[in-house]
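Only one chain is included here, represented as structure tokens and corresponding to the form predicted on its own.
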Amino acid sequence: MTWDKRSDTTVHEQDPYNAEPSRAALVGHMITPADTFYSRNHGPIPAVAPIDWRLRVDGLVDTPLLLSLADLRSGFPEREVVATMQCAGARRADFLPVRDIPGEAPWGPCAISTARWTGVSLGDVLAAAGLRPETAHVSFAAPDVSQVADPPATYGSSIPVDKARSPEVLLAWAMNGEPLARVHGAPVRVVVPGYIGARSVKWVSALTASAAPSDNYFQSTAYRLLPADADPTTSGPGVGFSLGPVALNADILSPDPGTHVSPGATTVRGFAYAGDDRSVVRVDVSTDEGNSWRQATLEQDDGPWAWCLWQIDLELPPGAAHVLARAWDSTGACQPESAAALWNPRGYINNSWAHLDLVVQ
């Protein structure tokens, strides 16, 4: 099933459905259309009728709630945020020349997309339930059952309570001005700007306030960065560390790798994304293996939770061209140079310098 995606979408798996857009589909678009937005799933995509959907709010709260979609839309102020989502496994394919990563989809650089989300503040809903002082985390539950977990289990996740109460975190029912599509979490999903996409739980059915993170497999075991010498098939809960805020990242979207271009001026375009509450402040581009760098022009006008797009005109002589790109964020951090230094058994968080090989003739 295509789930109404573009014909140039790369489908890594049909069941569960995991797909990313082409570089050409992303380039130049600050807002990613729904038919282009990447899709990451861990089990069959559920069908939840909006009229039947309910959200349970429980745990360390004074007033447990059971909300319908109508309750959500009428009982809380509507909010909107432009936010980028990025899969924790984005750019995993660039790890494979270092060492194989069995059982994991070879995501490229396009497991990242940006949308205008509409819904209500998660913090407003939690306030209505009355969070107790001992709350440290808010967990999310969903109805999709994954065979990845052992034994099979529904998907779940959690975030720290301070992030949960931040105004940018939404319970969203619309994407780019249209009701959410089923593949993107209809009728309601969580949107956690600045965090890995795995924390923005789709088809959310329950919120639980607790003193500890969720013990769901996808919080306690799956989305954790393991040491390079760990065995992911035997690593249980608590091994490694939990992934939350997105790491600074950038990549090149145009031209495509291996493209033949004419000598002279070539425009190179890409994206950069800092995650959490950081911003991209500079993108450097090199054509001499990093001996010298030029600064790209940045386009970032969609707010603090969105990626920035960048471009630069390069003068390329005949022959083989090797283009490098790296981003800097508002804390002064720069992307690390080597994918080899970042390799890990699940292939998460490859934010090494971007590379592009071209043929100039």
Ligand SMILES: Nc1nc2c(c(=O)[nH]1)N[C@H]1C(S)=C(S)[C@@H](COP(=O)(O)O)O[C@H]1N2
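None of the values given here were measured: they were computed from a predicted structure. Counting begins at 1, following the sequence as shown.
Beyond the structure shown, there is the form predicted in complex with the ligand, which is absent from this document and is the topic of what follows.
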property	result
In the model of the complex, residue 335 touching the ligand (heavy atom, 4.5 Å)	no
Proximity of residue 223 to the ligand in the model of the complex, heavy atoms at 4.5 Å	yes
Residue 189 within 4.5 Å of the ligand in the model of the complex, heavy atoms	yes
Touches the ligand in the model of the complex: residue 41 (any heavy atom, 4.5 Å)	yes
The single option of 183, 82, 101, 125 touching the ligand in the model of the complex, heavy atom within 4.5 Å	183
The ligand: the contacting residue among 94, 168, 284, 144 in the model of the complex [heavy atom, 4.5 Å]	144
Per-stretch contact check against the ligand in the model of the complex, the hit in 237-245, 194-202, 160-168, 256-264 (non-hydrogen atom, 4.5 angstroms)	194-202
